[in-house]
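Next up: just one chain, as structure tokens, the form predicted alone.
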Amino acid sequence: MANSRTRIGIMGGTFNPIHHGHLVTAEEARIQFALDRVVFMPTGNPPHKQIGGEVAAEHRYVMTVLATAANPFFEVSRLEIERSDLSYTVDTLRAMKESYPDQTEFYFITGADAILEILEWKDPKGLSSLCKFIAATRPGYSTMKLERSLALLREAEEAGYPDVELMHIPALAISSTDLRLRVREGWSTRYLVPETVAGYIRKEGFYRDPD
């Protein structure tokens, strides 16, 4: 019998800028985990990360909309960028849960490196009742440490820690940090970011050294 529950993926990130690596990860998660759709969640004010390039949340939101517009299974949320205080994953998930039917299943999609810090996030036990985590690997990333950590998390499930699934994705070694460097140095970003996003970056003059 088909699963009648709606499955929603949440793709969190600064998206500074969003690139094809993000899009491939979201699409792979949608396919591999039979998600009904993926909600991209640009971070507003993250507690553990400084946002480089001095690009306002509204612009990162617009770039995310431009990048995802062609995929009918993708949508973009303003939930975090409209929050004035710090953006914690557990608070975002609680807000999302209030907006969907009770039987909705949530899957938070993030990088494998972030999963290793999961026990340092706000209220890690609370996360377990709200979602499952999909940990996406990067090309060249050794999964040995991650798999050991996941084994420990699974052993601790009775203590209420989050459920994590490992997801291998096609080889796209793209990072937003590298893209900001390429723009600053005047190097090509073709085939690394959607052309709509590249055009927006050029129009707004993002990531370039000030005159």
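It should be emphasised that the depicted structure is a prediction, and the values quoted were computed from it without experimental measurement. Start at 1 and count along the sequence shown; that's the residue number.
Form predicted together with a small molecule: not shown, discussed below.
- Contact annotation: the small molecule lies within 4.5 Å of heavy atoms from the stretch 172 to 180 in the predicted bound form, the single such stretch among 143 to 151, 62 to 70, 172 to 180, 30 to 38.
- Looking at the small molecule in the predicted bound form, residues Phe74, Val76 and Pro194 place no heavy atom within 4.5 Å of it.
- Arg138 belongs to the set of residues with a heavy atom inside 4.5 Å of the small molecule in the predicted bound form.
- Taking the partner from elsewhere, Asp113 is found to have a heavy atom lying within 4.5 Å of the small molecule in the predicted bound form.
- Mapping the unseen interface onto this chain, Gly9 falls outside it, with no heavy atom inside 4.5 Å of the small molecule in the predicted bound form.
- By the criterion of a heavy atom within 4.5 Å, Lys125 is excluded from the residues contacting the small molecule in the predicted bound form.
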